[in-house]
Structure formats: C-alpha cells, structure tokens
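In structure tokens, one chain follows: the form predicted alone.
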Amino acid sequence: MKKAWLALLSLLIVFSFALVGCGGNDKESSAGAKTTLQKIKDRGKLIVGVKYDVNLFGLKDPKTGKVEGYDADIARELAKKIFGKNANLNKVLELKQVNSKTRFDLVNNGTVDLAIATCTITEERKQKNNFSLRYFNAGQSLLVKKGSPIKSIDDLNKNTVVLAVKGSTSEQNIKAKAPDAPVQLYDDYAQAFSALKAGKGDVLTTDNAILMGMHKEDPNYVLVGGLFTEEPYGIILKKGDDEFTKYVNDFLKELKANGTLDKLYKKWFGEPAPDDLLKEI
C-alpha cells in the first residue's frame, strides 16, 4: 500500500513539473513575440500592397515594370524610414499587387505588411482592420465620354448602365444613390475603364482622384456631376496592431512636418497637401 502511495506521489510530482514547464514556455513565447516592425527588419524587406492599375496612385509601367504614383511613393518613403535613406529600395521594398477585393485579406493573412491602395476608411472596415490617419481625401464622381447626356447622378436611371469595381465603396454608394440604374462590376479599374471605352456601359463611377487619372490617360473621357460623397483614404494595417499603426502615423506626421508629403502631393496632384490632411477618421 505504501509503495502504491509513493508511486502515485512520484507521478503527481512529475506531472506538476510538466505543467510548470509548459506554462513557462507559453509565457516566454508571449514575451518573445516579435513586433511587425521587428519582423520587417529581420526579413530585410518591407512588403506593401499597392494597386497596379490606378493612374496617379499606383500604375505599373509595362515597359520598365516600375510602379509609379502617390501611394507607391509613400511606400518608398516608409522603406527609407525603416531601413535608412540610403537603402537600396530594390532590395528593401517589394510592391505587391492588390485590388479593391484582395487588399484586406492580404494584410490580415500577412502576405503584405500593410496596404497603401486608395482605400476609403469606413466604420464597417474599421471593424476588420486598423487604419492610419487620412493621407488623401477624395470624393466619388462620374466619368463619361465627351458629349454624353449624363451630367450628374440625377441622370442615372434604369436605362443607364453604371460600371464599378468589386469590393469598393463606390459600388455600395452608387446603388444607394441611383438604385434604379443597373451596375456591372469588374475586378479592377483597368477592366472597368476598358469596358467603358468599349461601350459596355454609359458611365464609370469611383473616387474622383482615380477618375482624374483615367481622364489624363484618355482626355476623350471627362468627369461630370461634381462630388457626391466624401472618401478619406487610409493605409490598411492588421486589426489590433496598434503599435505598428502608431509607427505609421508618426511616419506620416514626419513626412508632413519635413515637407516631403507636400512635395509628393504636388508631384501627383499639382498642389500642396491640405493642412488638415492627416486627420483621424
């Protein structure tokens, strides 16, 4: 009987040590978890999701393969902030293509560290992702071929086909503002603009800044109707990653303070950035 008790006691002691060991490993793992910034530094590369099809923001040159635009330039400045102003951007920065539908998932699953991709900040989206301060303020408008009878959103009806992009706030807004108008959706802006030029729709709707890029590409298409929404753009970050979100916000404030943000804004939009641009939405 005594031997049985001793065996049981020995077993309990071994089990207790095992539990302590497991608990210690969990604590160590939690304490040793790397921040997003440290992971980027250890990797030696910042991976940013940008669009490849939006003139003025992120447009890939098929000849050079380089992505140019306001969003792409902000990504380059962030890479310099992390790795130093003299860092080789070809080595320390990867601009990975995203679109309106994929950008959130690619941030949340860690494929990209963040996305700078003409993304409107909304309360619904803030439930699933963190966002930076507003770095651009757009508004939804309409793009039509010169000479079109459509002059404003009031001209949209059951006989006017509207083109929009899947997963964008533009899709939701146009259905609310012109519920009778049939809407055709495309995966990206290049496809939607090609469809407009091919006569598959009467009007294309999205943020005015994106439409301005299309007009610049082909002046036969013009913006009409002014703005009928306010669309503040923010950088997309992983939900709950408040530390990296603060780092990105401080970076944006630094860009504004040292004049770099004004320089980039003027480069792409012809004027300095508004004083109240960096605003929390």
Ligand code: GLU
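Everything numeric in this text was worked out from a predicted model, so none of it was measured. Start at 1 with the first residue shown and count on from there.
This next part talks about the form predicted together with this ligand, which is not shown.
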Picking from 144 to 152, 176 to 184, 84 to 92, 118 to 126, which part of the chain touches this ligand in the predicted complex when contact means heavy atoms within 4.5 Å? 118 to 126
Of these, 191, 137, 169, 130, which has a heavy atom no more than 4.5 Å from this ligand in the predicted complex? 169
Counting only non-hydrogen atoms and a 4.5 angstroms cut-off, does residue 207 reach this ligand in the predicted complex? yes
If you check in the predicted complex, is residue 70 within 4.5 Å of this ligand, heavy atoms only? no
Members of 212 to 238 lying within 4.5 angstroms of this ligand, judged by heavy atom, in the predicted complex: 231, 233
